[in-house]
Every structure is written in C-alpha cells, then in structure tokens.
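The chain below stands alone, shown as structure tokens; this is the form predicted on its own.
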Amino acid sequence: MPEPRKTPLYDMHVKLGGRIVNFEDWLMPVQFEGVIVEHNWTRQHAGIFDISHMTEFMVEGPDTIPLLKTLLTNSIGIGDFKAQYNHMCYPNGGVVDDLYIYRESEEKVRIIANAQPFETEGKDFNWIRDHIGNLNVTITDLSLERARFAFQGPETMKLLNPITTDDITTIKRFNWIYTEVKTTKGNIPIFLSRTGYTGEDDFSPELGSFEISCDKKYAEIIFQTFLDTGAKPIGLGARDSLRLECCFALYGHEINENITPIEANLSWVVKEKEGFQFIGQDVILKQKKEGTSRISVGLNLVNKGILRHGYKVFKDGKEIGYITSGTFAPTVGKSVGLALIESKFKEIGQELDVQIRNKFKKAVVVKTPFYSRGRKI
C-alpha cells in the first residue's frame, strides 16, 4: 500500500500544531486546539477547513447535461452559476457517492465529491467516464491539481468579503462565482461557492458560508490570508460533529453502496426527469412511493454515554438496526446519533435501546436536524 497522501497544506497544519491522522489515505488534521473548542468557535465565529482531500472534476461538452441527468438523482434543473446537491447511484439503488454539481453553462459543469482511499481511488471519475458512451462529453480530473477550503461560520461573510475582489454579500445560497482573493502576493483567482457542511448559513445576506477551490500552488498563501482575517484552522473532528448536528449525510455511514437515498431519509434528493432515467431509478422511485423497511432516524441518548458508529439498536430485546453516526453534540449539549432502523419504529418519541459495550442505554427518536440556526433539540 502506498504512503498516505498529503494535501498542499500539510506542512502548515504541522506548523500550526495540528494532530495529524490518516483519513481515507490522506494525512489530515483531526484537531488543532480541540474538537469542542473548534466546534464552538465555528458556530460562534468562523473557521477554515482544509478539504483538499476531496475529489474535483470538470465535465464538458454538448452532452454534459444529458449525461448528468442519466447519472444523478436530483433534477439537474439549475441555471448557470448555481450549485446542487446530488447522489450518483448503482442499479440496486445504493449510492456510488454524494456530490455537488456547479453549472457554468450547458456544456461545462464542475463536480466536487468525496475523498477516495487507495482501495477505491478513481471510483467516481471512472463511473462517470465509463457511462459517457457515445455522448459528446469529456471529463477531466482536477483533484490533485487544486486545493480546496471551507470557510464556515456566522462571521464568514464579514471576514471574507473585504479580501475578495467581488462583493460576495450578493451571492445567494447555492450560487457560485469566479473571483479573486487579495493577498500579500497579489490577487489570486479562486472558485467560490456559497455551500457548506456545517449548517452555519441560513440564507440571510450576512451569514453566508463558502467552499473554495484554487490552483494548489496558491494553497498556502490563500490559507494564510484566510487565517489573517481572524478565522481559525479547524480539523476533521469538529467538521464531523458540526455536520452531524445538522444531520448531513456522510458517505460510508448514512449512505453507501447498500443504503439508498430513500432509506437515508433523503428523498428530496430524488427527482424524476422527463425524457431521462437515472441509474437505479426503478428501485429508488418505488421506495419513494411505497416506503422502505428501514429508515434513518435521529436519536438522543437519554442515559450517560456517547453514541458511536456501529452500535446496535434494539426494541424490546430485538435488534432493529444500528448507529450510522454518533457523537456528543456541543451546541445542543447532548449525545446524538443517526440510526438506520426498522421503519415501524421511526415515530418521534419512540423509546429504543442502544448497546454500548455490554450495557443497554435508553435512547429516544427525535426530530431532525438536531441543530439549525435558531433551533436545537
């Protein structure tokens, strides 16, 4: 097995005191000051996340939109310079990956998807390429040529706008632009999208959070420029607790090759497209219409303890599912988790038991998300 890869910001993470771990065969900072400190800082101020381990592709050609309509579950009915969350599925309805598309024109769409370990390296790129067939489309892998950041938190707009050459307060959620960052080495071009994985964007002009991509040769100067605004570096640990409070799916946990979008309680990502049929459509639309035998729900642990991925869930002594993701949620002050369980036990208020080591702890099904700006359980 090759040595784990390093992002263009690896040396800076080490210099900043980041605790480095192997994540999907990438050496990434799991924390700097501590997960809870970084989590709360992002909720209250603004943090910078290195997401350069993720994959990035450019799909181009006259048949770009028709290709995406056959590969992706969502509508693809977005205009230029808009973004959309999507699932790419297998024929059985399981998920190849979840991703964002960023449309520049009918003939040019950027895709940013999850990191892939060596074992499945090239999975997304190959899946798209292998389904082009006779369509007039090309796909280019930009993953290792570029660096990616997430600038997230309620102070993001205030800190980021003064150092961009465009007024980003005018960018609406799920929109994107090409702009430049003002640095000590001159203006540097970036791709900037008003999207994110922390839930710190409530559509208001003053609270936007962003994801950014640039040529990797500019990674360090852009990172330093972002840090100079007063934003802090944030590790993978807080990224996970922030997304889980908002119940954003994590590939390999809430969705995977054996869990469909409907089972993951993400039916809103599935849309019929007139004249097109996406891969896995028959299975997924049947589930959307008729329901599924299992479904993802939110759980709040009543007893002391922490929910973790893989813990078994029981009802009246019978195993009915498992925890897909769990943690202590700093913003809500509770142990929370998402669980894939038998659908007949999905009602809000349903009491269940979670096996933590050799003990059974009480949990209750609760409304999701656990947190959104202005609301928490």
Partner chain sequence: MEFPTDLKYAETHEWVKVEGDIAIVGITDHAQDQLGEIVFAELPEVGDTFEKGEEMCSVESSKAVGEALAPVSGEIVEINEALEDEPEKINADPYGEGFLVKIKMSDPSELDSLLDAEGYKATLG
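Everything numeric here is computed off the predicted structure, so don't read it as measured data. Numbering follows the first chain given and starts at 1.
In what follows, reference is made to the form predicted together with its partner chain, a form of this protein that is not presented.
Annotated contact segment (heavy atom within 4.5 Å of its partner chain in the predicted complex): 35-43, selected among 35-43, 336-344, 315-323, 60-68. Contact check for residue 327: a heavy atom falls within 4.5 Å of its partner chain in the predicted complex.
Residue contact with its partner chain in the predicted complex: residue 308 places a heavy atom within 4.5 Å of it. By the criterion of a heavy atom within 4.5 Å, residue 172 is excluded from the residues contacting its partner chain in the predicted complex. In the predicted complex, residue 19 approaches its partner chain with a heavy atom inside 4.5 Å. Checked against its partner chain in the predicted complex, the residues 211, 240, 155, 201 give one hit for a heavy atom within 4.5 Å, which is 240. None of 217, 304, 289, 185 but one reaches within 4.5 angstroms of its partner chain in the predicted complex through a heavy atom, and that residue is 304.
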